[in-house]
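Next up is one chain by itself, shown in structure tokens, the form predicted on its own.
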Amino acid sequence: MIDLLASEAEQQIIDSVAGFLAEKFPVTRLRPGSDGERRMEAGLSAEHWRDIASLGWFGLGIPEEQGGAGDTVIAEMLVAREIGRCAVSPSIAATIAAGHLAALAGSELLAGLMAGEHRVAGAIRLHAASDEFHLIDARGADYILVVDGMQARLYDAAAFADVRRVISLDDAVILERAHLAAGARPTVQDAGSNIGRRVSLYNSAQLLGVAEAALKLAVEYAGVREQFGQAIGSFQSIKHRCADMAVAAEAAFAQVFFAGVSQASGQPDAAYQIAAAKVTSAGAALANARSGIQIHGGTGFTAECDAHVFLKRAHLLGQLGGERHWIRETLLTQALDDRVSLS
């Protein structure tokens, strides 16, 4: 039997990351001020980036012989989960993944990435035949991480031309569109699936954090909002919706961390479990974010309410990773194998 509960060391990681993010990046930072403007700029400041690097997040899973802490992918997923809870920039997870890419290639970039001297942003290719990408929080980034299928490539930010800002559904991030220059060569790359799997696990963990945060916010509101002289949480329809949210979050937690354990221990079905984790966590995040808005009623649709933040972030994270085709192929292949074994 696999124990998915956090160990003492893992709980220390959770407490440390959650405490830092609660102080520096509460979700309430994304509410507009009295003048209608956001109180904190999208993206991460240089000061915040240095603080995060000093906490050791970027070297958490890097082998000790390469200067890291030598922890497993599970520890990194715990960080990603808390990032999702607070809707913090996905560039943190992109930089963690880039560190593993540099470590795998024996690149001299590794030390700078772990020290926070280099910042990495993620990119989403618009469509398969396009050289145009969406860059996520790439302001100030030195490198751009691109994952196509499960192949990871790290490009110098200067390889992307015609960079222009565009409107983002998730306005807590800076979204830009750019072209990858013809003939641009990656600084480092992984033709296998190791980094791509890590990126998928990080995204799934962030989506899990979104699902759990949306649940917590909805339950808290249902306990204090009164209608007809009693808390709305006492109404059967609200109880059932909250229960469904709790089940979705718990199912996502089990699948996401089971996938992480499978990857960390080199299980033969790790690819299938990772693909299932992305599907499960994305579904839970979207469902819980939508239900959270409904439970908040009319106020859930306003900028002053935090509920909408999680719906926007769920949509964004569902697009990251570049593994859509890989997920479909992996799940369908497993289903076909199961059918053949039963026949």
Partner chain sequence: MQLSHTPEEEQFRAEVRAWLRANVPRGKRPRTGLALREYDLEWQRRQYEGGWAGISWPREYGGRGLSLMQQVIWYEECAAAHAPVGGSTFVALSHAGPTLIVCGTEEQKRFHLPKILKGEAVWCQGFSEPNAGSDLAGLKTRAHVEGEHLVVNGSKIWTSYAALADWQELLVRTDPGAQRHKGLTWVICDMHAPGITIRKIPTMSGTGNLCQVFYDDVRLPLANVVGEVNGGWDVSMTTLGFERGTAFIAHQIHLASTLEKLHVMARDLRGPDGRRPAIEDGAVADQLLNLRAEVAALRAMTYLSVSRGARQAVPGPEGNIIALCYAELSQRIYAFAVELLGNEALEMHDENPDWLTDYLDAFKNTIAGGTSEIRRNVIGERLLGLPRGGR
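Worth saying up front: this structure is predicted, and the values here are computed from it rather than measured. Residue numbers count along the first chain shown, from 1.
The discussion below concerns the form predicted together with the partner chain, not included here.
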Practice task
Tell me the stretch among 95 to 103, 151 to 159, 181 to 189, 129 to 137 that has any heavy atom within 4.5 angstroms of the partner chain in the predicted bound form.
Solution key: 129 to 137
Practice task
Decide yes or no: are S54, P63 and H118 jointly within 4.5 Å of the partner chain in the predicted bound form, with each residue judged by its heavy atoms?
Solution key: no
Exercise for the section: Sort through L217, L109, I238, C86 and report the residue having a heavy atom within 4.5 Å of the partner chain in the predicted bound form. Expected result: I238
Fill in the blank from the handout: Heavy atom within 4.5 Å of the partner chain in the predicted bound form, from candidates L311, L30, L44, A282, belongs to L311
Problem - Any non-hydrogen atom of S193 within 4.5 angstroms of the partner chain in the predicted bound form - result: no
Practice task
Give a yes or no for S16: in the predicted bound form, does one of its heavy atoms lie within 4.5 Å of a heavy atom belonging to the partner chain?
Solution key: no
Problem - Proximity of H48 to the partner chain in the predicted bound form, heavy atoms at 4.5 Å - result: no
Handout entry: G59, heavy atom within 4.5 angstroms of the partner chain in the predicted bound form
Key = no
Handout entry: Stretch 90 to 124: residues contacting the partner chain in the predicted bound form, 4.5 Å heavy atom cut-off
Key = I124
